[in-house]
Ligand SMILES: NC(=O)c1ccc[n+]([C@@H]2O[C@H](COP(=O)([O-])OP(=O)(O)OC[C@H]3O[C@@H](n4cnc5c(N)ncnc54)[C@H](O)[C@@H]3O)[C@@H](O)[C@H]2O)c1
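Only one chain is included here, represented as C-alpha cells and corresponding to the form predicted on its own.
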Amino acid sequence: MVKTINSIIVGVGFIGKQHIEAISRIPNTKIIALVESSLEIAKRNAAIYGIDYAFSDLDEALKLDHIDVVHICTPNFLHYEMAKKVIEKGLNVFCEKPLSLSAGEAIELAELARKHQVHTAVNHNYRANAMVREMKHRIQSGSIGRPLMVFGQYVQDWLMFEDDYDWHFDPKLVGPSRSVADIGTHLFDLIQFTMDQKITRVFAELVFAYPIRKKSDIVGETFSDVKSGETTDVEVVNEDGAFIIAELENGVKVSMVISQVTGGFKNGLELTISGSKQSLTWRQEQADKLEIGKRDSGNEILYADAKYLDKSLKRFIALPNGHAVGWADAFKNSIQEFYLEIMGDSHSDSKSSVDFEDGAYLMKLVEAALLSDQEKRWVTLK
C-alpha cells in the first residue's frame, strides 16, 4: 500500500497558497490543516481548499495525529521559532527561505535536526527546474569544457517606487538584510548547485535606492498592488540591491547583480556559466529553455523535453516540448523530491531540496555580504 504524506501549512499568504497548490499536484498527499494568525482567515482558506482543520495556534495543530511534514510559510522572523518547535516534536519540516534571521539560528536548527533525525528542507525551488538540472549535468559531464567564470543576476521591479512598502522593510520581521536574503540566496544556491562548488569568499556593495519610503496605512499581500490610506515616511534600513563578486572553491570567479528596484524585470533570475568549449545560460522567465553559446557555430536553444535532456532528468518534466514548464513546476518538483526523501525513495543524484545545513551556509553568505559592505573588504567564509 502506498503511503499518503500528510502535511500542515503554516501561513496562507502569497507563498503559502503556492505550497497548497503545488502539493495538490503531487500524488498520495493530503494537507490536513492550515495555521494562520487569524483563525477567520485560516477557516476561510480551509473551506476554499477543502482542508479539514484550521488553527490560529501551531501548538494546537501539532496535536493532530499522523503528521508527516510541516510547511512553514510565514514571515522570516517566525521561521526559527516554528521550525525548532516542529523538529522537537520529531516531525519533518519544509521551511520558506531564508531559513532564519541569522546564521547562528540556522546552524542551531541544522544541529537540532541532526539530533532528532528528521528531514529538513528550505524552499530554494529553482534547482528543481529541469533545465537547471540539465545545466548542472552538462557542467559536471565536462561538455562545456573547463568552467572559466560565472555571472548571474536576480532582478525585480516590485519595490521600485518610493511608496512601495510592506513587511519586508521591517528588520524585526526579516532580519538585517532584505534583497540579499530574499532573492540573493536563490542566486547563491543556484550557482553553488550547478557548479557543485561552495562560494568561499565575497566582496559586496549594497544599494539603497530610497533612504526614506512612504508607508501606506493599508497594504496587500507580497507582490500585490494594494495601497490605500494616509502615508508615513519610514527610514529604510535594509538594502534594495547589491553588487557582489565572489570566488568558488575551485577558484572560479563569480559576479552577481541583485535588485528589487529595476523596471520591467518581474522575476529576472538569470545565470551564465562560461566554459572553455561552450557557455550555458538559463533565464527563469524563459524557464523551459537552455541557451548553449558557441564560438565557431550558431548558438543552440534546448527546449525542455525528456528526449532532449539527460535520461536521469525525465521525472522533472511533466509536459511535452512546447508546453512550457516553469516556476510552478519547479516548485512542485522541489516539494515532491523532498517527500520522496521522507519516504526513503529519493534519487541519489537529486539534492533537489536544500536541507537546513545548506540553508545555514546560505545565511553565512548573507552575513558575509553585509560585513563586506560595512568593512569594504573581501570576507572569507569559515
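As the structure is a prediction and not an experimental result, all values here were calculated from the model. Counting begins at 1, following the sequence as shown.
Missing here is the form predicted in complex with the named molecule; even so, the following discussion is about that form.
Heavy atoms within 4.5 Å of the named molecule in the predicted bound form are found in one stretch of 178-186, 196-204, 110-118, 258-266, which is 178-186. The partner is absent here; in the predicted bound form, the one residue of V69, V354, V35, A330 having a heavy atom within 4.5 Å of the named molecule is V35.
Contact between W167 and the named molecule in the predicted bound form is found at the 4.5 Å heavy atom cutoff.
For G241, no non-hydrogen atom is located within 4.5 Å of the named molecule in the predicted bound form, even though that partner is not displayed. The named molecule in the predicted bound form is approached by Y126, whose closest heavy atom lies within 4.5 angstroms of it. Contact check for D305: no non-hydrogen atom falls within 4.5 Å of the named molecule in the predicted bound form. Along 52-81, these residues reach a heavy atom to within 4.5 Å of the named molecule in the predicted bound form: C73, T74, P75, N76, L78, H79.
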